[in-house]
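So this first bit is one chain, no partners, the form predicted alone, shown in C-alpha cells.
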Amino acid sequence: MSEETVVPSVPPARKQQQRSIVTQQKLLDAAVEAFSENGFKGTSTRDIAERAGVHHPLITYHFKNKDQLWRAAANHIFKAFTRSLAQSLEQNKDMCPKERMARMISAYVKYARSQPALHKVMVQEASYPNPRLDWLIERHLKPLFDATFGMLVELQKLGVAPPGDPALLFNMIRLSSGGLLALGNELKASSGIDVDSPETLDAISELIIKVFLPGEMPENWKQQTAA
C-alpha cells in the first residue's frame, strides 16, 4: 500500500460557498463605495457590479434588489462601527466618566477615518426624507444615541461637559468626530489639513475633548455618580 500522503480535495459545495462569500464581500465593498459617492438614486446596480468585477445578475442572486443591497452595505459599515465603540467602552469601563468618553471619541475619530463612507452615506440619505433614512435611524443611529446620551448627561451634572441641551451636545460631538473627516478632500485643498495623518487625527480628538469636555472631574465624582 502506498505511503504517499493523500490531500483531501475540497468538496464542490464548500468551494461554491467560499466563492459565494467572496462575491458577496466584493459587492458589499463596491456598494459602500458607490452609495457613499453618488447616493442611492445616483447609483445603479450595474455600476456596483462593474466596481466589484462581477456579473450583474449576481446582485439579484445575492441581494434581491438595490434596496436590499443598500441595507446590507449600511449594516456592513455600521455594525463594525458599533463594535469599535462598544469595545472602547468595555476596555475603559474602570476609567472615570470623562476618560471613558474621551477614549470613545478617539475610537470614533479613528473609525471614521478608516471608513469615511460611514458619514458620507448618512449625509447622502439625510438630505431628504426617505424610508432608508428612517431605517438607518431606527437600526443604527438611535441605539448609538441611547447608549451615549446618559453618559453626557452625567458629565454635565459633574461639570465636565458644558450645560445645554444634551441631545444637541451629543450630535455636535458626533459630527465633529466623524462629519469633519467626510470632508477630507475639501479640508486638504482649502485649509491644508491632512486627515490621513495620525497626528491630525490625534489633534482632532484632543480638540473635541477640550471643547466639549472642558471641565475637570471632581474629586468626589464616585459619590456623585452613585447618588
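Everything numeric here is computed off the predicted structure, so don't read it as measured data. Numbering starts at 1 and runs along the sequence shown.
Keep in mind the form predicted together with the DNA is missing from the figure; the text below concerns it.
L58, M172, L183, I193 - the one with a heavy atom within 4.5 Å of the DNA in the predicted complex
Contact with the DNA in the predicted complex is made by L58 alone.
Of these, 163 to 171, 198 to 206, 185 to 193, 40 to 48, which stretch puts a heavy atom within 4.5 angstroms of the DNA in the predicted complex?
That would be stretch 40 to 48.
Assess the spot marked by T82, S84 and H140: is the DNA within 4.5 Å of a heavy atom from every one of these residues in the predicted complex?
No, because T82, S84 and H140 lack any heavy atom that approaches the DNA to within 4.5 Å in the predicted complex.
Counting only non-hydrogen atoms and a 4.5 angstroms cut-off, does Q17 reach the DNA in the predicted complex?
Output for Q17 is yes: heavy atoms within 4.5 Å of the DNA.
Using the arrangement in the predicted complex, list in sequence order the residues of 59 to 89 with any heavy atom within 4.5 angstroms of the DNA.
T60, Y61, H62, N65, K66, in sequence order.
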